[in-house]
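Next up is one chain by itself, shown in structure tokens, the form predicted alone.
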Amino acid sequence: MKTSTLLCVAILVAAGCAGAADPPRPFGPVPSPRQLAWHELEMYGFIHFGINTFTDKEWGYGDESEKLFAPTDFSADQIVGALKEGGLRGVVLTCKHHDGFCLWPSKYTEHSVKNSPWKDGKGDMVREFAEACRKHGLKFGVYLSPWDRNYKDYARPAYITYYRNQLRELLGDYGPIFEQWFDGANGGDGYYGGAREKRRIDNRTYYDWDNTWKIVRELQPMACMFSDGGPDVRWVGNESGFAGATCWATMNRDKLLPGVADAKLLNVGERNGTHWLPAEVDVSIRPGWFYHASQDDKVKSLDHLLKIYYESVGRGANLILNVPPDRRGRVHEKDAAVLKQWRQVLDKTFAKDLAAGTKASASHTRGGDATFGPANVVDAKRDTYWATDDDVKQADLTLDLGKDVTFSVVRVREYLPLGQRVDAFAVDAWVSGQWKEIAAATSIGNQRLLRLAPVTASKVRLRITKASACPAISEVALFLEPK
């Protein structure tokens, strides 16, 4: 061996590089780039606005006159601005609900804003929302109901062509789309072009979902598709605002379709699922999805919204919060006020990580390599993580806070590109000279928020009590909710 080669090896050994450990291999399904971007959003708004707003219904029949759609002071800027003030990072607009009325001047139907009094039929509400989102820095998404109680050919093959034509309009004409929303409402009574009858379809085959989904992939490759069964994001199984206390990001997707799913299973997920299919929690700020003046005194309280946040986003899911504009075409003052309060409390809570930069140690570090060391959980970086050797699936990580610190929220994150690896964990606090367990949970995923009565401690310990693969933890953070 040449002297220069020996010298290089010596330098590498001295630097600790020769023994550098390899990163863990991914465990199970892992998120796609579009899903990783979706996870980063955490929460966004849902807008239900249409004919139902003016008929005081939740589900229109499909025979409503386009002339009924007449907002008196519509402002997409005010609506999107109110959602941004609430801390929401995107908007999914109900472009067509089950009644078939379209908020854009679709070339394929007369049942749209082009035959309404709004802007003398020359308006395009989808465009105004898309532009308002760009102005305010929010992502934009669309919902196109698979069921249409207005269209004459619903339940016949011709409707699938119609539906796909409208999907192409929405995905091709309004800029980047972050989420395409499909739901499971399929068939039943309707106007159907004057037939006024009940029509049933086989929701497993009628929509030919694989080929419908290909349109989304073609026109908006970074858009995540939501439905009962994904293919990118799944329904959480209820409209109450809560994910399961255990909520795995994986499911056996091949047995799921829009409208074909087990709600209880969707709420929990499947630990050994075949696909990365995280949950989205959909809930309205009011009892209804559309605006009703009778519900002005039933807007969810600040405490209720905070509970929803901790039991949706705090359980690894994303939250889509519906805020229905009123008949003016604006977010009602009561909704806007509580949204703003909600944002203020969350901002104050998460403004300062009380564990940031503290001294971290672990019972085991992968290969003894600082690349995977415990300091990674307090460096405020999502792309670094603490990991153990492959055969070490139970381990402890301790944060020495250096003094007594009072906190009431613990946040733990896994490094998602390596999959969901931890099955169960606990958190201990060093109180009065001894360790005291203060919380325990199961799934982590994108994040787990543990909301506690205030705890004062000088040290905090994360214990991985069960894992299907060696843990890869990217963050352990501590926060204090304002009084």
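Position 1 is the first residue in the sequence shown; the rest follow in order. Since the structure is predicted, the reported quantities are computational estimates derived from the model, not experimental observations.
Below: the form predicted in complex with beta-L-fucopyranose (FUL), not depicted.
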**OP:** Answer yes or no: in the model of the complex, does beta-L-fucopyranose (FUL) come within 4.5 Å of a heavy atom in every one of D77, F140 and R330?
**Re:** no
Original post:
Is W289 one of the residues lying within 4.5 Å of beta-L-fucopyranose (FUL) in the model of the complex, judged by heavy atom distances?
Top reply: yes
Subject >> Touches beta-L-fucopyranose (FUL) in the model of the complex: H98 (any heavy atom, 4.5 Å) >> reply: yes
**OP:** Classify D183 as contacting or not contacting beta-L-fucopyranose (FUL) in the model of the complex by the rule of any non-hydrogen atom within 4.5 angstroms, answering yes or no.
**Re:** yes
Subject >> Close approach of D282 to beta-L-fucopyranose (FUL) in the model of the complex, 4.5 Å, heavy atom >> reply: yes
**OP:** Please determine, with the chain shown alone, which of 66-74, 438-446, 46-54, 422-430 has non-hydrogen atoms within 4.5 Å of beta-L-fucopyranose (FUL) in the model of the complex.
**Re:** 46-54
**OP:** State the residue from D262, D189, E239, E110 whose non-hydrogen atoms include one within 4.5 Å of beta-L-fucopyranose (FUL) in the model of the complex.
**Re:** E239
**OP:** Counting only non-hydrogen atoms and a 4.5 Å cut-off, give the residues of 205-221 close to beta-L-fucopyranose (FUL) in the model of the complex.
**Re:** none
